[in-house]
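Single chain ahead, by itself, as structure tokens, in the form predicted on its own.
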Amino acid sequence: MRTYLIKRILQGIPVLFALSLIIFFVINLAPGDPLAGMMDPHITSEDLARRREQLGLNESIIVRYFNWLKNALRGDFGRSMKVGRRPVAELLQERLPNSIILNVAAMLISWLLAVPIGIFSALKQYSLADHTITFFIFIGLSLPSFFFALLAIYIFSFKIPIFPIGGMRTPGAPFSILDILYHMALPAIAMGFLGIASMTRFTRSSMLEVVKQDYIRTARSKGLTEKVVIYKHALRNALIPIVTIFGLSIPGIFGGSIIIEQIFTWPGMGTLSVKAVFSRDYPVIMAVNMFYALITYLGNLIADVLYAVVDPRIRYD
């Protein structure tokens, strides 16, 4: 396993390098630059030229990329062109923990509910409960994340004022974990609900395929209880394809949180990336996109490692 992990990590280096090259060129090939929106009549063309030189925008795109790469390898992602010229690494350190706790909470809500519901639906195939669950699954798959988020705010913040509209903490209140959890509840539920729909459907399909296998019938014929048959024999094998979805859901949830964070004004990576895009803050856009690329790579790596954990027949040695 150790050799496999080292090999995968080494294989990921050229992949991340190629992604950084593509992302950098796509961002910089867009019309305009961070100074294009400065319409102040008091700013002369000489001032703009001087400002472009200070930001390194007068260099060729190749030179700018290798300058960025050289600094990024040292952990220096440059300074924001808009947010008070603050170091980008500092902005990421502020926003990343907020996004992590929100996404972990959403993932826990999704998985802790989806797997049991999916198993129950598979065991009660074609029953009223199964049809009811399938109905809500299709609703969850059909609703866009932003629509469900706005609907949740309308119901649970306006009609039934249980949760706050947005933010991460109560303004003026002292720091409190309970206050953060209170503000995080609605966005985490909004993100987790959409994950529940897809994961429940996938768990149901995987479980239905396993329970029809010959070894499950053999286990039942031996007189084993239904609980042992399902949770010891069927579930372990049904989890193998589900592990793939778990690894791929990590970047999916982080990417989907961009919209949710913006709607609930959650101070995370999502709101930072949206502001950076609208203000053409190239260093921040590069750092955020490279973070999502790294998360996608790690998600696939985690899925491969979990294969061996779930199925002892899989070995990477």
Partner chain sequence: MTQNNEVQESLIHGTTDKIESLWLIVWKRFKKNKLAVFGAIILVILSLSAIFAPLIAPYSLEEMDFMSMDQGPSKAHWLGTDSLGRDIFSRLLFAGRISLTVGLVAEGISLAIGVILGAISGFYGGKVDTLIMRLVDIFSCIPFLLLAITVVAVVGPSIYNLMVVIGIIGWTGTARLVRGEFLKLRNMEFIEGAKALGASDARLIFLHMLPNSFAPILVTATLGVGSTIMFEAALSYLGLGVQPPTPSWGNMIQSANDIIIFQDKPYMWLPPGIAILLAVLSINFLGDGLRDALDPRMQVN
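Here the structure is a predicted model, which is why all the values come from computation and not from measurement. Numbering follows the first chain given and starts at 1.
The next section is about a form of this same protein that is not shown, the form predicted in complex with its partner chain.
- In the predicted bound form, its partner chain lies within 4.5 Å of some heavy atom of residue 142.
- Though the partner is left out of this view, residue 64 does not reach within 4.5 Å of its partner chain in the predicted bound form, counting heavy atoms only.
- Within this chain, residue 292 lines the site of its partner chain in the predicted bound form, having a heavy atom no more than 4.5 Å away.
- Put simply, residue 305 is far from its partner chain in the predicted bound form: not one heavy atom of it is within 4.5 Å.
- Contacts to its partner chain in the predicted bound form (heavy atom within 4.5 Å) from stretch 206 to 242: 209, 212.
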